[in-house]
Each structure stands twice: as C-alpha cells, then as structure tokens.
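Consider the single chain below, provided in structure tokens and representing the form predicted alone.
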C-alpha cells in the first residue's frame, strides 16, 4: 500500500510538471505550427540558471527561481528570433519545406544548448533547494511538502492559463489564431504579434517547469534530450495542437514512467512511453484529441 501511494504521489507531481511544460509546447504548435525540439534545452537552462544564482551568487531560493524563469523566457525568444523566425521569413526556402527546416534547426539548436550548458556548468546533476520545507503525511506516506506544492503550483498556473485564454482579449486572440489565423485580424491583432506573445508565454511555462523540476528531481545538461522526447511523446499522444489532449497524455506518460522507475529500472522509464507512441501512431496517428 505504501509503494502504491508513493507511486501515485510521485506520478502526480511529475505528470503535473510534464503537463505544465507540454501545454506551452502544444500552444506553440497550435498557433504557429512549430514543433520546438529545443524544448528540453530551455527547461534545463532555467533550472541551471536558478541553481547558479542560488548556489554561487547567494540569492535566496525564490529570487533565484524567478531569475531562472526569466532565463527560460529569454531562451524562448532567442529560439524564436535566431532559429524559427529567419526560416519563416526566408524567401529561399519553399513554403512546403519550412516545417522540416524548422524541425531540424530547433533540434540542432537544442544540441547546441546542451553542449553550451555542459561547457559552462559541466554535466554534473544539480538541484535547487526546496521551495517549501517539511514533510507531509499523505495516507501513511511521508512525502516532502515541496512535491505537493509543485503539483498545486502547476495546476494553479494551468488554470490561470485557461482563464487567460478564454476570458481575456489577448487570450481569445491566441485561441482564434490556433483555430483560424485569418480570424485574428478581425480582433484587431497582427499574427506576428500573436506569435511573439505566444513564445513569451511558452518561455514562462517552460521556465517555471524547469525550475520546479530542479527542486524535485534535479537537472543536468544530459536531461535535455529526455525532456524533449517526453514533451514530444506527450503532444503526439494527446494530438498535435490539443491542450486537453496534452493534459491527459502528460498524466498517462508521467504515471507510466513513474511505474517503470519504481517497478523496474529508472534508466528504462522512457521505453514504455516510446512503445505506446509507436502503437498510437500506427492505430490513431492524429492522437487522442488531435485534429490533424
């Protein structure tokens, strides 16, 4: 019973973090059609910067985490302006080939981020101090209060994002751009402005997810590929561009990985999710809730 509760608690926390990061990944694709394969790099940059600010510059845990989140936003905009936007604006690349060019470019950019982090910080794993100290008893399982706080914060942010998208003018413009880009002009917005707003929002979500991850299980430049793969599996399983699908898929993948880590070997935690992805692509290539 204790093991079951531990799996449920850890699965909930890691799934909430996956959901937080994958929603931004999904929104980016839904609005601009970009699959950002540098996603894991942005998460790890936020984590490493937060750790460095706290461990080496003496900032408290909360200011350090805020700087880490800001680093995630900066890296998201660097990805957009240095990698994605030049390809989107290029007249030399045929329109039908731009998607694959962006896919390849963000993959290479992610590798560059990983190597840069390893050079600056080394490949040793780091961890950010817990945001909330103490231990909480959850149905007989002694769980760090920080883990429960991570799940709560993740869902508060997700609910805040839902309110922003559905109840504010800018949010409705993002929703319109994901459904019908031409409809954005009817709201008085330029599509380029929506893209810039979405990339900033994505950076905020990715930065927060990276910082929270570092307070939970830590982070390392070697995690870049695994985090990108997990996000990619989630958005494919949930359906490209579908936020509800990404939420459901994040919990499916999160619990599968947690089960694998506890019942088998942690180094194999991503294998069952990869097999599931292959089955889904074969049986339902549009994913659980995908439109395309």
Partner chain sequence: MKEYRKSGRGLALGAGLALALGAAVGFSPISAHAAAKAPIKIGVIAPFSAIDGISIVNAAEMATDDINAHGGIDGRKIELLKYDDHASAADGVRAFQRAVKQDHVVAVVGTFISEVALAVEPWAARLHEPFLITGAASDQITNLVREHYAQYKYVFHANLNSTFLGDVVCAQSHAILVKDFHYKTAVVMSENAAWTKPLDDEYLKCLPKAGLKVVDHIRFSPNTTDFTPIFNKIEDTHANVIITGIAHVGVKPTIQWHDQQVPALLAGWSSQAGASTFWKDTNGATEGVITGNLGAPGAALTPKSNPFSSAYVKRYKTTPAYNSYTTFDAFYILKDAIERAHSTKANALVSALEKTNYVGTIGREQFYGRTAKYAHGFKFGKGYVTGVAIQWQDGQQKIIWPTHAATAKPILPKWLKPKK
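Numbering follows the first chain given and starts at 1. Heads up, when I say rigid core I mean the largest set of C-alphas that superpose within 1.5 Å between the two forms. Since we're looking at a predicted model, the values are computed, not measured.
Note that the form predicted together with the partner chain isn't included here; everything after this is about it.
Novice: If we define contact as a non-hydrogen atom of the residue within 4.5 angstroms of the partner, is residue 151 a contact of the partner chain in the model of the complex?
Specialist: Result no; residue 151 lies far from the partner chain in the model of the complex.
Novice: Examine residue 171 and determine whether its closest non-hydrogen atom to the partner chain in the model of the complex is within 4.5 angstroms.
Specialist: It does not: once the partner chain is placed as it appears in the model of the complex, residue 171 has no heavy atom within 4.5 Å of it.
Novice: So, in the model of the complex, is residue 62 in contact with the partner chain at a 4.5 angstroms heavy atom limit?
Specialist: It does not: once the partner chain is placed as it appears in the model of the complex, residue 62 has no heavy atom within 4.5 Å of it.
Novice: Evaluate residue 244 for contact with the partner chain in the model of the complex, applying a 4.5 angstroms cut-off between non-hydrogen atoms, and reply yes or no.
Specialist: Residue 244: no, not in contact with the partner chain in the model of the complex.
Novice: In the model of the complex, which of the stretches 159-167, 125-133, 191-199, 204-212 has residues with heavy atoms within 4.5 Å of the partner chain?
Specialist: Flagged stretch: 125-133.
Novice: Under a 4.5 angstroms heavy atom criterion, identify the one residue in 70, 248, 53, 261 near the partner chain in the model of the complex.
Specialist: Residue within 4.5 Å of the partner: 261.
Novice: By the 2 angstroms cut-off, has the C-alpha of residue 56 moved between this form and the one not shown once the rigid core is superposed?
Specialist: No: residue 56 shifts by under 2 Å between this form and the one not shown.
Novice: Taking the rigid core as the superposition reference, indicate whether the CA of residue 244 shifts 2 angstroms or more between this form and the one not shown.
Specialist: Shift at residue 244: below 2 Å after core fit.
Novice: For residue 261, is the C-alpha shift between this form and the one not shown 2 Å or more after core superposition?
Specialist: Indeed, residue 261 is displaced by 2 Å or more.
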